[in-house]
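Starting off, we have a lone chain in the form predicted on its own, written out as structure tokens.
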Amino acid sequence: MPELPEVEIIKRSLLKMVIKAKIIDIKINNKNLRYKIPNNFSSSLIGEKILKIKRRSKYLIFCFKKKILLVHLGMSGKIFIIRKNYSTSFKKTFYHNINILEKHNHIYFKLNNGFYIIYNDVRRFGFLKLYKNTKIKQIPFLSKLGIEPFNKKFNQKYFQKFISDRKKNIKNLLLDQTFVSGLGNIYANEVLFESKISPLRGCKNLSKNEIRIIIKNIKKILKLSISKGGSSIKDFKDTKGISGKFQQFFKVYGRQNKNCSRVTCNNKIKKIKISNRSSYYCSECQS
């Protein structure tokens, strides 16, 4: 599933290429996504200008004059941007080179600036929901989300207050979207390894210094991933069909039974399940 860095990368690409563009046509090949696309979806958006594009947690938010389009990519959703006058040969080359099946292009948005926005989703767990005369904070999917990792208010004071009456382990806390939004399994594993903290540690057992280190590493690792184009384990590609490269910098995720990344450690990386999620850690380095 695309996490904060991957969605942020898509948002930035969209801002460069489609902001202020007007939707002049919509083609829907398959309405049956996670939530069925309503019959009035196209008529509600044709003629609307894309005024802003935002990201909240793992959601993309397209802002129109009095409407909001919320997009969640699910497990395998992708958004591509292609010029509307591309040739048949270019079309074949594009899909061949990025290993994408055109049959999974479910929605095409034709814009007046010469581009198409294409929503592609193999597993169809993603969704697009349109809201009219609604504020972003009132959208149910967004209303209970926690603070953003890059927010200045995401600090030691906030962290300690949140965990004061909770018995969660630190791994589950980092995945709790009401605590900090956008952090997923990949980055939680990497953050805890970098912080030298076991995923099994109870939140209440963390020292103030350890909390500061975790916050610092969350921001650091997310920024690094964004700079490397995000992580492409299975499905993620940016709007041009290019895979991310941050997986080349993983120090612990997916490295079970391999040597610890720290040169001073001779231990092997372990894989365990925490709340049915794979967790990777070094039992020697992370305590």
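Position 1 is the first residue in the sequence shown; the rest follow in order. Note that the structure is a prediction, hence the values are computed from the model and not measured.
Below, we turn to the form predicted together with the DNA, even though it does not appear here.
**Student:** So in the model of the complex, are L15, K129 and K219 all sitting within 4.5 Å of the DNA, heavy atoms only?
**Tutor:** Heavy-atom distance to the DNA in the model of the complex: none of the three under 4.5 Å.
**Student:** Considering non-hydrogen atoms and a 4.5 Å limit, which listed residue (R123, K208, K135, K157) is close to the DNA in the model of the complex?
**Tutor:** The residue from R123, K208, K135, K157 that makes the contact is R123.
**Student:** Of 274-282, 5-13, 18-26, 259-267, which is the one stretch near the DNA in the model of the complex, taking non-hydrogen atoms within 4.5 angstroms as near?
**Tutor:** Only one stretch qualifies here: 274-282.
**Student:** Is F141 a contact residue for the DNA in the model of the complex, using a 4.5 Å heavy atom cut-off?
**Tutor:** Looking in the model of the complex, residue contacts with the DNA include F141, since a heavy atom lies within 4.5 Å.
**Student:** Is there a heavy atom of K251 no more than 4.5 Å from a heavy atom of the DNA in the model of the complex?
**Tutor:** Taking the distances in the model of the complex, the answer for K251 is no, it never comes within 4.5 Å of the DNA.
**Student:** Taking heavy atoms only, is K161 within 4.5 angstroms of the DNA in the model of the complex?
**Tutor:** Heavy-atom contact with the DNA at 4.5 Å: absent for K161.
**Student:** I'd like to check something about K196: if you look in the model of the complex, is any of its heavy atoms closer than or equal to 4.5 Å to a heavy atom of the DNA?
**Tutor:** The answer is no: K196 has no heavy atom within 4.5 Å of the DNA.
**Student:** Are there residues in 146-168 with a heavy atom within 4.5 Å of the DNA in the model of the complex, and which are they, in order?
**Tutor:** Counting only heavy atoms within 4.5 Å of the DNA in the model of the complex, the contacting residues of 146-168 are D165, R166, K167, K168.
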